[in-house]
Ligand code: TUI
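Okay, here we've got a single chain as structure tokens, the form predicted alone, with questions on binding and movement later.
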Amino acid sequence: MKTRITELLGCKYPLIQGGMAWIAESTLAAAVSNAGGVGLIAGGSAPIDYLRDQIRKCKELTDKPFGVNIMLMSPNAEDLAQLCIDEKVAVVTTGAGNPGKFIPAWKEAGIKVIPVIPSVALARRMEKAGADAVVAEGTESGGHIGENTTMCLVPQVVDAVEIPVIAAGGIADGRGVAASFMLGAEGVQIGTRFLASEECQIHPTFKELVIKAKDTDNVVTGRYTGHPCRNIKTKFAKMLASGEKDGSLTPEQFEEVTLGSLRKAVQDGNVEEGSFLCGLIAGMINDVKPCKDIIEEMMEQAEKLLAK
């Protein structure tokens, strides 16, 4: 499956792994890159020394292209932007903001810049700012979300820009990949499916929740804080949603209660206080496999469907 994305990124398959905070580290990123996709290390708000170490570990584990995801609302975004230049990272994806001020320096350093966008307007702004491609991410995704669906967002973004578009949100098998290509995308970003990969370093409880999830085991919390997130429906997530709905949790209390909750989910498997961020497609995921098997099965299925 050769597209402008495989040419741009120098990869076998037009697939990038989602930059999931606290989840996407060197082991997972390298496994995805070695399997023919492009793995990402999540920047989040992690210390710069830790991220430098993760980038260097990834270089030891793969000689294929990989990238870093930068959450622009993070307090250390500027330091991380410079770290990507210093460490000669091949690809940077961005979320939660406008990376316009960083793009010239990244481009000068030879870094491919791919912002994640929730709207046509931001896609156009990113193209004008010099982005190499954009990820059009629908509300089906796990973690921080916009309101437009993948099915509606992707074709509108494809029609609005000349640069390649990568579809994200609700893609976990070859049918989702093929559908994305029919909408005009030239690549896909996969997050939730890789939670149930052998190389993903999350707590076993997190993987078990993903595998056992039904189509309705999902809830969005935090809309009234301005930072809505999609989670697996646990007792903690339902408490947050209820407190938001009936006003028993103020936005300030919500932020206080959820502080550190993602780490508690990823590292501790703490279902009482952890936020298990996960996409709507989890109901389709029923087993844990190596990244190589996931990617090859997905792409083989997509190729057969598109050939029809």
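Just so we're clear, the structure is a prediction, and the values are computed from it rather than from any experiment. Just count from 1 along the sequence shown to find any residue number.
Below, we refer to the form predicted together with the ligand, which is not included among the displayed structures.
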Given that the partner is absent here, does Gly170 sit within 4.5 Å of the ligand in the model of the complex, heavy atoms only? no
Looking in the model of the complex, any heavy atom of Ala21 within 4.5 Å of the ligand? yes
Check Pro118 for me: does it contact the ligand in the model of the complex (non-hydrogen atoms, 4.5 angstroms)? yes
Considering non-hydrogen atoms and a 4.5 Å limit, does the ligand approach Gly143 in the model of the complex? yes
Contact residue in the model of the complex, from Ile202, Leu183, Ile111, Met71 (heavy atom within 4.5 Å of the ligand): Met71
Tell me, which of Ala81, Ala131, Ala178, Leu122 has a heavy atom within 4.5 angstroms of the ligand in the model of the complex? Leu122
In terms of non-hydrogen atoms within 4.5 angstroms, which of the given stretches 205-213, 83-91, 103-111, 145-153 touches the ligand in the model of the complex? 145-153
For the heavy atom contacts within 4.5 Å of the ligand in the model of the complex, list the residues of 211-229 involved, in sequence order. His227, Cys229
